[in-house]
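For reference, the chain that follows is the form predicted alone, supplied as structure tokens.
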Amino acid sequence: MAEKSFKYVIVGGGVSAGYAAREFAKQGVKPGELAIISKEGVAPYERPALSKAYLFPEGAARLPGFHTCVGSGGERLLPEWYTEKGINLILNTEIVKADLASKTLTSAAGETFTYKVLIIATGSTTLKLTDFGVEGASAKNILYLREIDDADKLVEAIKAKKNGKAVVVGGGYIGLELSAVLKINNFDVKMVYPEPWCMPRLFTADIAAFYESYYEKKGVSIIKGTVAVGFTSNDSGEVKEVKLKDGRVLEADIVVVGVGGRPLISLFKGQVEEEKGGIKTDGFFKTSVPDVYAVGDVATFPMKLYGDIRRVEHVDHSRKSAEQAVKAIFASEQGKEIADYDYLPYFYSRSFDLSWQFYGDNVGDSVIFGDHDPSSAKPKFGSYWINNGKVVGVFLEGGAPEENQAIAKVAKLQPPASSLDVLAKEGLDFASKI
């Protein structure tokens, strides 16, 4: 099989790949120089759509509607765009071996690709209950969500089990978003997670109490403090029941699991320096190997704002880190300098009629403000985090665009705050004055 050579190769075809491709085009990449190698069968798309509008019973999102880079308000890069720019989209191609010393990649089909500069954008994979040996976890209709193929399986299951019973395992992003969308599809929904409250890595107990109560009012039943330890199937091999550690047994036509992910870095083990579960990079996303960059979920990078190093799993960072790496590649070639990556952590979610945004760091003491009554017609509330006398993080539910911009500014500037009581009283007024 003939070897294919490119100046630049991106391994992975997710969000980072799409935003990197756009930046390559902006920087003047020449036709034939860049290849994106993806195991998926479609051009890069905005992954967050899969847990939201893709699953709606009416007016569902479908490709080509959410190809990158529409998620940030940019141009939608259709497959034809890559052709026009002379960018090689090599789809349905899984790389199974990477030799960074010889700058060679090998696919499952035995094809070889060589490069001068490599961007690792392999993202994450979902943790599966079968990985932990959970009894009966290989039953049909126990589903996960990461790629468009997963979303298609879930759409088929929703149609096949119309108005049925769904159990969602996990109380994080995926758990909350999928519980909402399954309820919108008229399923009887139960959400199960071991923690004392939902989204524990971000939410305080006060914030979580609002969402849990709101979900309960919408008809989602929440079961906390226990885990799924086994599943039973019917004669067709489809899941029938979920066995919980506390002894309860839940009926289920569909089970959706969202218990976290892990970065896909095994191809590069022993070849690049690692830290905190990811590939260690600098402020330009260069790895320890010359001409190799890592972006998105797989990169552990210096968080300039806080003077530490972190790995961030979120679409916003996937977009921005990809753009930074490409700018750095071209600056290096041209003997120019660019600024280090200066990232403000940003997370958001939408479910039912709710929409929240968070900026900064959720460390130190926190205080809640505003209307966080789940029975309010239009609840609007937030939370500030104070660390060492400064406001370091802000959360806001139901914010208008200018209010979300104001809380981002607060998190970036980290203004001093005299007390939690003052912040609770001032609420959004504090942010609007900064």
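Predicted model, so just to flag it, every value in this text is computed and none were measured. Each residue number is its position in the shown sequence, starting from 1.
Heads up, the form predicted together with a small molecule isn't pictured, but that's what we're talking about next.
Distance check, residue 253 to the small molecule in the predicted bound form, heavy atom within 4.5 Å: Residue-level check for residue 253: no, no contact with the small molecule.
Contact label in the predicted bound form: residue 170 to the small molecule, heavy atom within 4.5 Å: Contact with the small molecule, yes.
4.5 Å heavy atom contact, residue 310 and the small molecule in the predicted bound form: No, residue 310 sits far enough from the small molecule in the predicted bound form that none of its heavy atoms falls within 4.5 Å.
Residue contact check: residue 155 to the small molecule in the predicted bound form, 4.5 Å heavy atom: Contact check for residue 155: no, nothing within 4.5 Å of the small molecule in the predicted bound form.
Whether 174, 192 and 261 all lie within 4.5 angstroms of the small molecule in the predicted bound form by heavy atom: Yes, because 174, 192 and 261 each have a heavy atom that approaches the small molecule to within 4.5 Å in the predicted bound form.
Partner-contacting position among 164, 200, 283, 364 - heavy atom within 4.5 Å of the small molecule in the predicted bound form: Exactly one listed residue reaches within 4.5 Å, namely 200.
352, 330, 81, 348 - the one with a heavy atom within 4.5 Å of the small molecule in the predicted bound form: Comparing distances to the small molecule in the predicted bound form, the residue within 4.5 Å is 348.
Stretch from 330-338, 212-220, 174-182, 234-242 whose residues place a heavy atom within 4.5 Å of the small molecule in the predicted bound form: Selected stretch: 174-182.
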